[in-house]
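One chain follows as structure tokens, the form predicted alone.
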Amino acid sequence: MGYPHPPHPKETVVLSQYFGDPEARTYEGWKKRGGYTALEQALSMAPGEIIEIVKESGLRGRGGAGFPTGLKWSFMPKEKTKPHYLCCNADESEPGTFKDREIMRWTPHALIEGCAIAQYAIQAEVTYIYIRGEFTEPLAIMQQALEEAYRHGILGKDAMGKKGLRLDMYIHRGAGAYICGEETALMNSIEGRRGNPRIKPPFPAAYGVFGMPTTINNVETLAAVPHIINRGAAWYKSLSLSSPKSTGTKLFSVCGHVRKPGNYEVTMGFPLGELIYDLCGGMREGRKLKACIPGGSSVPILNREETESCLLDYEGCIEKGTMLGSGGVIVFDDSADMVYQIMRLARFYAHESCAQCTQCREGTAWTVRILQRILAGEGEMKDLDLLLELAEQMTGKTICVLSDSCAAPVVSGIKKFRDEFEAYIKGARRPVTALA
């Protein structure tokens, strides 16, 4: 997961084309590689035209929700009676996901260009790029790129030489809270408040950061926009191997028990089994695939058969009972203790809960306690029903989906690996008490 791998023949390299190329980080290097031509072209168009092109392309949010990007932009008020804002979500706090940091690390100007186009399209004066505080290297690189963009007239007064157009961008460093990846918690954090999610409605397009109309997009989403402007909506739509509702390429962060972990960019609809076995080199010596989480830790787990037949797009994942999410692919081989791994996931969500909602505050904590009790050999069969009942109370009943995220791997884990839970309860497995 350090230095990028050479492109695999089965990859469709678009966003990751310059990963590993230090010269692409600089303004001059980015200009030589065609940088800012899309912004120049976009500024010659009406804002509404840009929104229609992005709508036509089928680009959907790459942060996890998969909402159509152009449609989201169109929700912004057409009448400019208040300031408009764009927030770029670079928090990337989902376990198993490490794609956005690589975009910022290698191609910071791609993100700045995408933000500038979106900012112009929604008629926003200011963009806030909200970066996870632990991303020290991407933070430094983004700050340097932002300074270059101002110095060369890309941003600021009369941006790109267009008289009267002002585009401003600021980096806001987060403090490392998972919950601040949720869009309304992110806005609260920018305002200097506790990072608690807000009740919706009102939605951000009506009442967002500082009470003004706001759009929030993910890093990967915004980085794709210049390519769509340069090469057209039809080109982007053509990048689809299965469903016409899932277009373009997607970066997948693969980690776990594979020979070649890393970021891989493939066309939407690419087979998950092929990603694991061909691009990532398969399992470690002498091991077999056991399970996979395809969209970051908050989505349901797939067993081996489901993994090998799953297509990596929004519809393909839903068909298998999971979600594409952020594209964080976590792979488990047959050495993995699924009860222990599910407990670790639940413990993460319990720790990261903002404690605003009772179902989440209490539900995540009790889920962890019950799982630890089972692992310690002190569980009972009724604990499995209790976990499922807890999960039901935690799903769809809170302000945000953090408690749903805790419930998803628990429910899918019990359903698909119940024998492992029962083995601990029956004493057929050695108790696990070292829960570090």
Partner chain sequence: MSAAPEKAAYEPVFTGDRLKELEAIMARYPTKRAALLPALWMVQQARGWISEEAMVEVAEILDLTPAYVKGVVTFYTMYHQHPVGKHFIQVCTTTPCNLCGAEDVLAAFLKHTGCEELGATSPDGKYTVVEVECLGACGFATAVLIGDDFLENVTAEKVPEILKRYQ
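In this text, all values refer to a predicted model and were calculated from it rather than measured experimentally. Positions refer to the first chain, counted from 1.
Separately, the form predicted in complex with its partner chain exists; it is not shown, and the next lines address it.
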| property | result |
| --- | --- |
| Candidate spot A177, F332 and C354, all three touching its partner chain in the predicted complex (heavy atom, 4.5 Å) | yes |
| In the predicted complex, segment of 116-124, 304-312, 272-280, 129-137 with a heavy atom within 4.5 Å of its partner chain | 129-137 |
| The single option of R231, R151, R194, R166 touching its partner chain in the predicted complex, heavy atom within 4.5 Å | R194 |
| In the predicted complex, the residue from K290, R105, K320, K237 that sits within 4.5 Å of its partner chain by heavy atoms | R105 |
| Interface membership of F210, its partner chain in the predicted complex, 4.5 Å heavy atom rule | yes |
| Partner contact for K72 in the predicted complex: its partner chain, 4.5 angstroms, heavy atom | no |
| 4.5 Å heavy atom contact, R347 to its partner chain in the predicted complex | yes |
| Y85 within 4.5 Å of its partner chain in the predicted complex, heavy atoms | yes |
| Contact set, 361-390 vs its partner chain in the predicted complex - heavy atom within 4.5 angstroms | none |
